[in-house]
Ligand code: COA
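Given next, in structure tokens, is a single chain: the form predicted on its own.
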Amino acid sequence: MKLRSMLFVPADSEKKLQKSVASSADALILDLEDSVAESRRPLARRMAAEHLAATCGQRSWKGFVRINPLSTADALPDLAQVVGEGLDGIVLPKADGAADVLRLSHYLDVLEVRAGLSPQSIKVVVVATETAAGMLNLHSYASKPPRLVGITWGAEDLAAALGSISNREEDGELSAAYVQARSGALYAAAAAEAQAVDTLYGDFRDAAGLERDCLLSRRRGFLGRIAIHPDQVDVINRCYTPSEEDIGVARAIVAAFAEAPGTGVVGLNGKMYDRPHLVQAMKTLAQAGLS
């Protein structure tokens, strides 16, 4: 499942749901949590379920729903309403570790049977760094919980959990605790063999800034990003798609190793490449949808 771009859409907004149909995002996240007032959640659940069912088979994007945290009374009603036709995945916020993903998976096991869906068909993307316990339990994702296809991170809820006045220093750079959260999400995703999805870029009017940040994010190892506005999607897709130059270099590395079976190092255009470069080249080709 390719998750270069995951666009948030408030599930209680008819206008935004209708506009989302033509999205070029890899996935839409119909939100039942932060962007929906508590009094409107029953309506949002119904609208999300209806939108997913109505667009099933007619869309290019995967349909995800961000439910409320498992620690709240809203989580089970969220799941009970939205698990059905057209649902591809759940975004789990404020997780305290892999045990929460496993618990969610058990709920989905039952709800898939009720809905007549194939077992394990609904996947999970977890927001792994929004609680202090979640930060301490990032290592738990090495257990590779079932259904987990992506790990993302967030700094705003973590700041609230830690009691921080801000998650940034006076110069605008992330404070150390939140740099740790970003790096921890990368480690956790690699250990879980899941995709690392970067957090949102808040200024949706700043396309140039978004592009700079996405390219830096990709260098760090993230394979996709959360979007909060449709205008961000094309920039995100472009930045997280390997360029023709990237693909050419990757193909050349793979070919050089194929021509020298059993060797640990090859020379190519005056540079030496070893086995870690081969692994990265193969990942680049896979990301581009090439074998």
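Remember, predicted model here, so these are calculated numbers, not experimental data. Start at 1 with the first residue shown and count on from there.
There is also a form predicted together with the ligand; it is not shown, and the following applies to it.
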item	value
Triple contact flag 20, 66 and 200 to the ligand in the predicted bound form, non-hydrogen atom at 4.5 angstroms	yes
Residue contact check: residue 9 to the ligand in the predicted bound form, 4.5 Å heavy atom	yes
Contact label in the predicted bound form: residue 277 to the ligand, heavy atom within 4.5 Å	no
The ligand contact in the predicted bound form: residue 228, any heavy atom under 4.5 Å	yes
Touches the ligand in the predicted bound form: residue 205 (any heavy atom, 4.5 Å)	yes
Which of 246-254, 259-267, 27-35, 53-61 sits within 4.5 Å of the ligand in the predicted bound form, heavy atom basis	27-35
